[in-house]
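A single chain, nothing else alongside it, follows as structure tokens in the form predicted on its own.
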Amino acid sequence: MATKSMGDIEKIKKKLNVLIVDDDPLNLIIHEKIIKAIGGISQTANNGEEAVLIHRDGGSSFDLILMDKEMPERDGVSTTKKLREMEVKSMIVGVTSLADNEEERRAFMEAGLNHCLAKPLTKDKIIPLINQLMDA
């Protein structure tokens, strides 16, 4: 089966407003570039507490939240649970190096994720997932 090169990958079907939550500045930059390259716009939060405050303070309505699992102040699991308690309807996708650990992945999913992806995030991983979730 032939794979698409980065130049051949399609953009997402609609322009998404994305919140990227990660404590690693390099990951924030990479994820922002991917979202921009696929036609989306993004805002960042350096940890889960910032993500909660953005929503609590009446921040933008996001179509998608990319959520790291391991962060200081508030990790991805507790942040996802809190956002769902706040009735945030955005799609939340976990992006973690622990996605291959079934127990860790299950705990993250049970917190209220729509999906979980393994780092590193790539266009190859995110575009089909976004289009699938948007069609659901």
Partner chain sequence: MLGLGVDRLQADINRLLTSLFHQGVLDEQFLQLQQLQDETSPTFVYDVINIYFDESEKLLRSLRLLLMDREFSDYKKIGLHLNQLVGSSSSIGARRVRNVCVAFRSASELNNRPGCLRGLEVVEHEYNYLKNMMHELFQLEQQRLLAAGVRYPM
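Positions refer to the first chain, counted from 1. Predicted model, so just to flag it, every value in this text is computed and none were measured.
This protein has a second form, the form predicted in complex with the partner chain, left out of what is shown; the following refers to that one.
Can you pick the one in Ile30, Val88, Ala107, Ile41 that has a heavy atom within 4.5 Å of the partner chain in the predicted complex? Of Ile30, Val88, Ala107, Ile41, the residue with a heavy atom within 4.5 Å of the partner chain in the predicted complex is Ile30.
Heavy atom within 4.5 Å of the partner chain in the predicted complex - the one residue of Val77, Met71, Ala45, Ile34 that qualifies: Result of the distance check: Ile34.
With the partner left out of view, is Cys116 within 4.5 angstroms of the partner chain in the predicted complex by any non-hydrogen atom? Cys116: no contact with the partner chain in the predicted complex.
Residue-level question: is Ile126 within 4.5 Å of the partner chain in the predicted complex, judged on heavy atoms? Contact check for Ile126: no, nothing within 4.5 Å of the partner chain in the predicted complex.
Would Leu121 count as a contact of the partner chain in the predicted complex, using a 4.5 angstroms cut-off between non-hydrogen atoms? Although the partner chain is absent here, Leu121 would touch it in the predicted complex, with heavy atoms inside 4.5 Å.
Check Leu98 for me: does it contact the partner chain in the predicted complex (non-hydrogen atoms, 4.5 angstroms)? Leu98: contacts the partner chain in the predicted complex.
If contact means a heavy atom within 4.5 Å, which one of 78 to 86, 107 to 115, 48 to 56, 22 to 30 is the stretch that engages the partner chain in the predicted complex? Selected stretch: 22 to 30.
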